[in-house]
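First, one chain by itself: the form predicted alone, in structure tokens.
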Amino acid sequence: MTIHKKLMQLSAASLAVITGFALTPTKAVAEDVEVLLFSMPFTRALAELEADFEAKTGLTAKIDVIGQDVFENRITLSFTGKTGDLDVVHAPVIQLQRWVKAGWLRPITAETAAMATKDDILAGPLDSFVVNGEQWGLPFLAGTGMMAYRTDLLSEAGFDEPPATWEEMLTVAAAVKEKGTPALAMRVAPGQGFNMFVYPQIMRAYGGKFFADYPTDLTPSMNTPEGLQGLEVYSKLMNDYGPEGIGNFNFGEVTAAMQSGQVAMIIDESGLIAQTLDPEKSQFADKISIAAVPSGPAGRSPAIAVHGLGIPADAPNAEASFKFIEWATSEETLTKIAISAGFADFTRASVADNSDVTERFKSIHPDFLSLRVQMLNDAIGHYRPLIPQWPQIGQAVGENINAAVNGIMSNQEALEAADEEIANILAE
């Protein structure tokens, strides 16, 4: 049940009027703060700390962690139905403008400004939740693209260093595959948070883009020579050098392939890369190292993702909702999760300075935290366009890119179809 009031009591005076007897107040009844999240290392770890929230606030929380596809349907039904059944929701920045435009979230500008620890939150992730001058959420994750690679397998193929460019990646991947191991895995499953998280790293490195001149000129512009070159590299890497079944791989399969030794290299989100380095989770952790995302003729463009927590517009008790958000994104909670779950994508400066946290990540790789900062600095905020229509555009484009990799259409046809679908979505 959603939280309408923390305490519900019948006063002795009221009972006396009704029953004719003077009674003491009934026992306080606590109700849950209903929280809906989709599955990630942070959200799974947060759900295990429900008791901490109650100990800290006196409130209870029911944290429901579900698959991302299921989450998309569930949250849309709740928002459009105005059911008032949720108090806190997982809020990816790439969904934010759409949700704000639709009136589905409640601003938390005043509450955020009043936080004593506000300045400890990293400015970039915090500001990414500002739309039209209002704060619409607090960040718990700022992830970026990274490479993980097997030092032994690359060495056997004749390479002492990982590929620094996408052209070098093609050469290294061919040599590794020649030795009998699939070379590279990335997300190929279609979706704005799936292949559209990793593919633009290659597209932008070759000078490809979604629009003619974002954000002033939103003419669809994926079908260019630069865009085609990027897609040809992505398709070749996945088809010629990827593991069996790569056409359906999402982040779970990519991470598992590296942890179990099925592939020599992966490129994915920093928090998942950390999982491959953790000896408690990865069979080959002692043979895995990390590197920057490869660059191209137009430079390097690491993926970036910022996730946070927001309050639905129809949440019954916004004060209790914000208490949960404040607790979930606090230094104490983020530090616990960084240490216990190896969660690397924390959004508070104080967590990065915590000696136990730095030791935790030095133990898995001495350069992990510094490389994460480097990739975040190289990333652009509009890596995936921050417009209300992006979820529909990302899904449509992702399906066309997936079709190209799976041989359902040519690379050229996929980009032509992508531009056409983007134009249709923007015209709606």
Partner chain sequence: MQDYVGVQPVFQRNYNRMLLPAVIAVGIFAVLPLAGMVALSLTDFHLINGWDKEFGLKNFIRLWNDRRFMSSLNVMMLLSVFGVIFQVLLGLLIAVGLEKIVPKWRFMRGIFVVPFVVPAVAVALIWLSLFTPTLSPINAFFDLFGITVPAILTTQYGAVAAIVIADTWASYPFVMLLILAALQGISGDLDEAASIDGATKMQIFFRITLPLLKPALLMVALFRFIETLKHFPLIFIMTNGGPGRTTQATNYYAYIQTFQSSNVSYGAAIAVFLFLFAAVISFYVARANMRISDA
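Numbering follows the first chain given and starts at 1. Small disclaimer: the values here were computed from a predicted structure and weren't measured.
There is also a form predicted together with its partner chain; it is not shown, and the following applies to it.
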query: Region of this chain that lies against its partner chain in the predicted bound form, out of 127-135, 237-245, 107-115, 320-328 [heavy atom, 4.5 Å]; finding: 237-245
query: Interface membership of Q392, its partner chain in the predicted bound form, 4.5 Å heavy atom rule; finding: yes
query: Proximity of D69 to its partner chain in the predicted bound form, heavy atoms at 4.5 Å; finding: yes
query: Close approach of F210 to its partner chain in the predicted bound form, 4.5 Å, heavy atom; finding: no
query: Contact flag, T219 vs its partner chain in the predicted bound form, heavy atom cut 4.5 Å; finding: no
query: Output flag, A396, E399 and E421 jointly within 4.5 Å of its partner chain in the predicted bound form, heavy atom basis; finding: yes
query: Heavy atom within 4.5 Å of its partner chain in the predicted bound form - the one residue of A292, I339, A298, A102 that qualifies; finding: A102
query: S155, S350, Q262, T165 - the one with a heavy atom within 4.5 Å of its partner chain in the predicted bound form; finding: Q262
query: Contact set, 351-375 vs its partner chain in the predicted bound form - heavy atom within 4.5 angstroms; finding: none
